[in-house]
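Listed next as structure tokens is one chain, alone, in the form predicted on its own.
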């Protein structure tokens, strides 16, 4: 990636806040996407352990590395390389094509809606009755905002995001394209006892009669607090009663499903393709890695980490790290996997021991019979 201009290492260090080691006049003009494929003129950022182990293979003109790292090329030592990268890329990012302040002539805005100052509303946006849009908020093309929605200041709604009636969104919230906020939850009931209920109660035989699922009205809403980001094509369902809540600073990745009445704390990370069933409570700073599935009505403790593809069927304690399906403490799961890999070998050893035991028993029985005679 081409840098906006050729930079000296010492100038870059001043900008990102780091210490130059080596020649501060070293110039870089491009940012290396892969540190191990870097060439002369490139700047490489090395923070991943796998790259740091192979740092001698890096051919970049300069690098950004964690403080205390041994590096033979001129480099900037920083405490947090990824944070340094965030500052640098923030300054490099190209202009985004967002609509200018004002309302595009194709937008459809109810006359009872309230639009703040310096708001940008793009083509074909729909804003329903009684909704409020805060100052400096940008709403890009084809967004649909229902009635009685409240969106705070300095928010950014990317194209095609859908905000249903009564949703409440705080300040500085980013909604990525295609996200759906406030759709109905998956809530149904049958007039007669369902076969699922029969199974749980141990009742047989199962019924073969028609027993339609009746939709339970969802009369609650969704509340998204300040500084959240909701990823592309993520869905967050409104509550059956009350609110589905996303706490301040929480980041929800692409293709995430959060069901009705969930209560997610502050600074939580919910990563791609995870699904959170209804009425779950996730405490502050917990992390759900990719493709995690949570059973309904469970609680995840603060600072817990749910590793990728875990299936969580019961509450997870504060600070716990779990993995697998059903999810277990990471050490216990890895121990089980290690033993499982030795299963065939252990089975063969057991068979061999059993054979020896059988032979010894046969010998003892033979001796006993000979003594009896």
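Residue numbers count along the first chain shown, from 1. Computed from a predicted structure; not experimentally measured.
Absent from the display: the form predicted in complex with another copy of the chain. The rest refers to it.
task = Sort through 170, 74, 160, 265 and report the residue having a heavy atom within 4.5 Å of another copy of the chain in the predicted complex.
result = The residue from 170, 74, 160, 265 that makes the contact is 160.
key: Of 195, 150, 136, 299, the one that lies within 4.5 Å of another copy of the chain in the predicted complex (heavy atoms)   = After the contact test, the surviving option is 195.
query = Heavy atom to heavy atom, is residue 154 within 4.5 Å of another copy of the chain in the predicted complex?
reply = Residue 154 lies outside the contact set for another copy of the chain.
task = Please run the contact check for residue 253 against another copy of the chain in the predicted complex: heavy atoms, 4.5 angstroms, yes or no?
result = Yes, contact at 4.5 Å.
query = Can any non-hydrogen atom of residue 117 be found within 4.5 angstroms of another copy of the chain in the predicted complex?
reply = Output for residue 117 is no: heavy atoms all beyond 4.5 Å of another copy of the chain.
ask   = Can you check whether residue 39 is within 4.5 Å of another copy of the chain in the predicted complex, heavy atom basis?
value = Close contact is absent here: in the predicted complex, residue 39 is far from another copy of the chain, nothing within 4.5 Å, heavy atoms only.
key: Residues from 1 to 15 in contact with another copy of the chain (non-hydrogen atom within 4.5 Å) in the predicted complex   = Stretch hits: a single one, 1.
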